[in-house]
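Below, in C-alpha cells: the form predicted alone, a single chain.
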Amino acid sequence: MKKIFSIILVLALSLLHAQSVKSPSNALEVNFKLVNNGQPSYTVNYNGKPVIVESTLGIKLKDKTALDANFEVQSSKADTFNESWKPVLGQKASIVNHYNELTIALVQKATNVKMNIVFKVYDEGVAFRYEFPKQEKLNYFIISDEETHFNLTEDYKAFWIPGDFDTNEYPYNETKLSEIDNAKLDKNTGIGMTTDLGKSRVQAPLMMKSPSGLYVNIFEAAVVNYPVMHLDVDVTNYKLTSHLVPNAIGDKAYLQAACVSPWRTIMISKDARDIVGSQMILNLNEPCKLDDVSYIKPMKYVGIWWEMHVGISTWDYAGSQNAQNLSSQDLIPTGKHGATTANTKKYIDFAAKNGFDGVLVEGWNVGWEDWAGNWKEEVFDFTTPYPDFNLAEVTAYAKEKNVKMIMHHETSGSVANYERHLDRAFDLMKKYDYPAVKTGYVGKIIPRGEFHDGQTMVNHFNFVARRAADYKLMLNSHESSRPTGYSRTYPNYIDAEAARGNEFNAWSVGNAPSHETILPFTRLLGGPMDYTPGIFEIKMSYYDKNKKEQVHTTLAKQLALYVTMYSPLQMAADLPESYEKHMDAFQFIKDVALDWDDTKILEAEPGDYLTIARKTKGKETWFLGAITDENARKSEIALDFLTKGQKYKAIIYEDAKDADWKKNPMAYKIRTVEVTNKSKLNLVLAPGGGTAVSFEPIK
C-alpha cells in the first residue's frame, strides 16, 4: 500500500534560512541552507548530535558557469513515502521503502540555470542527488567536477581500498582516516593492472566507525549514465570530497537535461547490523522495468574454472597458460586444455548427481593464447569454439541430464569488440539454450584511455544487462564497476564480482581472514556478489608441493559464506574430486537455498565477525552462517527467529577443536540437535573459522 502526502511551500526568492527533514523515526535530521554567496550546504544529525557538519554541494561545468554558488531558493517541497515491493530474487520476500523527502528548487541568479537538490531520509540513512530539470538555459552540458562534500566530526576508523579507476580487487585496509596513505600500500597483491591511486583517494562504499561506536557508511546508488564516485580524504580535517572517474580526455560526464545524478548515500547507526541489513541502495533505484521475469531464476553451479587457477589445466587450447604470446605453434594442443567436451561432461555428471542447476565453462572459445595486456582490439568473437569443445554435443548431454550451461564471455577489456559481437553471441546462447552469461573485463579498456569506472563503462555494463534482458538472459559480470542497486531495475543482472574474490587465494597473497567480514558492509550493499565460495582443498601445496598459497579460512567458514555472502547465483568453486572426499560437508552446499523470504542479521562487527540467518523462499527451512576474522570466537545465538511451536533438526557444520585457518584449516565436525525458537546455540569459531547450520522442520 502506497501513501504519498505532499506539502508544497512556496518561498520568496531571497529565502536563505535552513530547510529541514527528518527520518520517519526522527533519529536522523538533515538541514539544508545556502551559505556564503548562495552556496548550497547541508548537515546531518543523528539523535541530535552532528555526524556531517556543514558540507557544501555543487557541480562544476566545462565551459560554463559552475553550479556551486550564487543560488537562491525558488521553492521547497516535502513528501512522505511508504511502500512495500517484492524483489524478483532477494534477501527478503518484501522490502519496505519508507522515507521522508525534501526537494529544494534552486535557480542561479547570474545565469538563470535551475538545479534541484533532493534529500531522502530513511531510518538507516540519508540520500541526496542533483536534478537538472528541462530548461532553456541548460541543455547539453559536461561535468568537469562534482563538488560534493562529507565533512565528518572526528577521526573515524575506516575500512578502505584505494581509489583505483580500473579495479576494486584490492585487499581492505583498516586504519584511521588520518592514516590513509596509498603510497604506503603493498602493491604486490596479485592485481594485474592498476592506475594512479592518488595519495589519499579511496573507493566507496567507505565503511567507518567513530571512537564513540557510531557506524557510518558513505556510498552511492543508481549510478546510471554517470561515472563512479570515489572519495578524496582530507586526512587532517576528516573531510571527504567526491572524485568522479574521468574519461579518456579528462571530462567526467556528458549529460542532457532533464537528467539526474546518482544518489549520494550516508548510512548511520549505533548498531552495525543496520548497515549490513539495509536495503536503502536498492530502494533508491527505479522499480523493475521488465514485463517478463519468469526466466530469472536462482542457480547453483559448478564449473571448469578453479582447475585453471590452481594450475591443473589452462584456458587456452595450446595449454601454455601464456596469454600474451601467439605464434604458429600455439594451437598445437598439449592436453592441458580444460574446456574439452569430455571434461565438461564430467562436470555435468557431477552437477546432475548432486542436484545442481548449471555448469560454467571458461576457455571454450578461441583466442585465449593472446588476449591480455597488449591493447589488442579483436580477440574473441564469442561464437567460435576450440576444436575440442563441441557445443552441440555438450548441449545435448546437459539437456539429457537436466543441467543448464552457463556461457562465458571474456572481453579482455575490448568492450567495443564485445558490443560488435553481442547480438551474435546472445543468439548463440539462445540457440544452445544457455540461460546465463558470465562476462569478464580483464585488462585495459578499449576504447583506449577509458577506465572501468568511467561513464563510458558504466553505460556499457548497464547496456549489456538491458540487452541480455531483450534476449531473456541472466548476467553475471566480473571486473565490472561495483553495483549500486541496478539489479532492482533489471533483475536479470543477477550477480557481479566487482571486488576481490576467492580466486586470489589460489595464486597471490590471498584474502585476509577479515576480508569476508568486511565485504557485507561494503561491496554487498550494492547488490549480490559472485564470490565463488566452497573451496575444500585449502592449501595449494596439494596441487604443487612448492606452492605456499592457501585460502585464508577454514573449510567450515567456506560453508558459512553461502549464507553471509548473499547471491542468488552461487558456485561450488572447488573441483568435484575435492567434494567427493568430503561428501558429508558438501551436503550443506547441496542443501543451502539461494532465494529468501527473510533475513536476520544476528551479530555484526566490520572486520571482526558476522552471523546471519535466512529463511528459504516459500519453505520453512532456515540456514545460518557465522564467520570470524583471524581471532577465535565464541557466541551464544538465540534461535527466536524460528517459527514458534515448530521443532527443527539443526545440522551444525563447525570447526573442529584443533581447527585453525593456517595450521589446520580442513578440520571440521558435524553434529545434529533438535531445537525450537526458544533454544540457543553455542558457536565456537576457530581462528579464520566459521559455522554453517541448516534448520529442517520436523513434521
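These figures come from a predicted structure and were not determined experimentally. Residue indices: 1-based, along the sequence shown.
The protein also exists as the form predicted in complex with another copy of the chain; that form is not presented, and the subsequent description refers to it.
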In the predicted complex, does Arg467 come within 4.5 Å of another copy of the chain, counting heavy atoms only?
yes
Taking the shortest heavy atom distance, is Ala392 within 4.5 Å of another copy of the chain in the predicted complex?
no
Under a 4.5 Å heavy atom criterion, is Asp608 part of the interface with another copy of the chain in the predicted complex?
no
Could you confirm whether Phe463 comes within 4.5 Å of another copy of the chain in the predicted complex, counting heavy atoms only?
yes
Output flag, Asp370, Lys376 and Arg420 jointly within 4.5 Å of another copy of the chain in the predicted complex, heavy atom basis:
yes
Within 4.5 angstroms, counting heavy atoms, which one of the listed stretches 422-430, 287-295, 489-497, 347-355 is next to another copy of the chain in the predicted complex?
422-430
Listed residue that, although another copy of the chain is not shown, lies within 4.5 Å of it in the predicted complex (heavy atoms), from Thr384, Thr111, Thr80, Gln256:
Gln256
I need to confirm a contact call. Of Asn322, Gln135, Ser84, Thr194, which residue comes within 4.5 Å of another copy of the chain in the predicted complex, counting heavy atoms only?
Asn322
Across 245-264, which residues bring a heavy atom to within 4.5 Å of another copy of the chain in the predicted complex?
Asn247, Ala248, Ile249, Asp251, Tyr254, Gln256
